[in-house]
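Single chain ahead, written as structure tokens, the form predicted alone.
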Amino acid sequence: MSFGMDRATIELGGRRALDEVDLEVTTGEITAVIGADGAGKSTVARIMAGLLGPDSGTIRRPHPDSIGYQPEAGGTWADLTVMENLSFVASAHGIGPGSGRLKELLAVTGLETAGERLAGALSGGMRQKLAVAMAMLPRPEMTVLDEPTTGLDPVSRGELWGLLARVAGEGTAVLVTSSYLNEAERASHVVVLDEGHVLAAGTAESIRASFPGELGVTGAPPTEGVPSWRRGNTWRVWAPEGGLPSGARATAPDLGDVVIAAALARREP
């Protein structure tokens, strides 16, 4: 089973937040929507969670009771304990304390010993795990998580992605948004947004393979008019039609290079 959007367009605050965006979220898989601030990631998440409707296009999503949602703000109540947060959400879905689901989620998230701690006193990683657990509680058909790894250290991010893989393994369709391009490697399907437009979509491998032309590396800025961008102490030089400039050493593009080149191409007049 799959959910998603077809040619979804919406204007917010006088600007086009999404422009004919296509998206597919499949049961048992993770779809990652990647982009910088203002790219449209949260708009996608809110539409898929049923909080917004597009101005045009088609949205395919399960019944609202079968959608788990974690907003960008985190989705936990800081002045409630871990168990109180879970119990409140459980009661809203008619899940009794004797079902065992709360205890199961505490074990899955590693929060067994934190049940009586206030959510506001948890570390960033633990608080995000709690938010994911709350979204998982009703065993939804689709879980939507808006930037759950923002601000987390690399270890906590890795642990959270392991938890998302477990959510997908339960048969849930998982949609996660992120500003971290390297997280695309962990997803089954990737959609890269830029100012509401889809720059690239597919598996991380297929997106890398879609790079047009040749990519080179130089130690100094290239001549004016050559598409280029800085990476660390070197410069990437892009020849869309092939034929790198003199002094450029050919290199294989990574996902970041593909996205930058696609953004440059979209902005060309």
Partner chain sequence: MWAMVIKELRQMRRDRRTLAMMIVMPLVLLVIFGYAASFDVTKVEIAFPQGQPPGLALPDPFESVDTDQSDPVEILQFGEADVAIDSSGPKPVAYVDGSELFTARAALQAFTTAAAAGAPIQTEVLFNPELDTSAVLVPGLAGLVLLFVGSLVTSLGVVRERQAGTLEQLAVMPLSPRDVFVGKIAPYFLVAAFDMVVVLTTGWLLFDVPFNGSIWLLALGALLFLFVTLGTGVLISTVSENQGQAIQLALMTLLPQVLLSGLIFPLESMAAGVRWIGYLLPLTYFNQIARGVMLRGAPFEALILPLGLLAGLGLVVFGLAVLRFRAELAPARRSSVKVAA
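On a predicted model such as this, the values are computed, not experimentally measured, just so you know. Numbering follows the first chain given and starts at 1.
Separately, the form predicted in complex with its partner chain exists; it is not shown, and the next lines address it.
Chemist: So, residue 196 and its partner chain: in the predicted bound form, are they within 4.5 Å at any heavy atom pair?
Modeler: Answer no; every heavy atom of residue 196 is more than 4.5 Å from its partner chain in the predicted bound form.
Chemist: Answer for residue 77 alone: is it within 4.5 Å of its partner chain in the predicted bound form, judged on heavy atom distances?
Modeler: Contact with its partner chain, yes.
Chemist: Though only this chain appears here, would residue 211 touch its partner chain in the predicted bound form if you measure heavy atom gaps against 4.5 Å?
Modeler: Residue 211: no contact with its partner chain in the predicted bound form.
Chemist: Report yes if any heavy atom of residue 226 sits within 4.5 Å of a heavy atom of its partner chain in the predicted bound form; otherwise report no.
Modeler: No, residue 226 is distant from the partner.
Chemist: May I ask you to choose, among 222, 50, 28, 202, the residue with a heavy atom within 4.5 Å of its partner chain in the predicted bound form?
Modeler: Looking at 222, 50, 28, 202 one by one, just 50 meets the 4.5 Å heavy-atom criterion.
Chemist: Give a yes or no on whether each residue among 60, 64 and 89 has a heavy atom within 4.5 Å of its partner chain in the predicted bound form.
Modeler: Result yes, every residue of the spot touches its partner chain.
Chemist: If contact means a heavy atom within 4.5 Å, which one of 89-97, 158-166, 183-191, 116-124 is the stretch that engages its partner chain in the predicted bound form?
Modeler: Within 4.5 Å of the partner lies stretch 89-97.
Chemist: Could you run down 1-29 and flag each residue that has a heavy atom within 4.5 Å of its partner chain in the predicted bound form?
Modeler: The stretch 1-29, when checked against its partner chain in the predicted bound form, contributes 1, 3 at the 4.5 Å heavy-atom cut-off.
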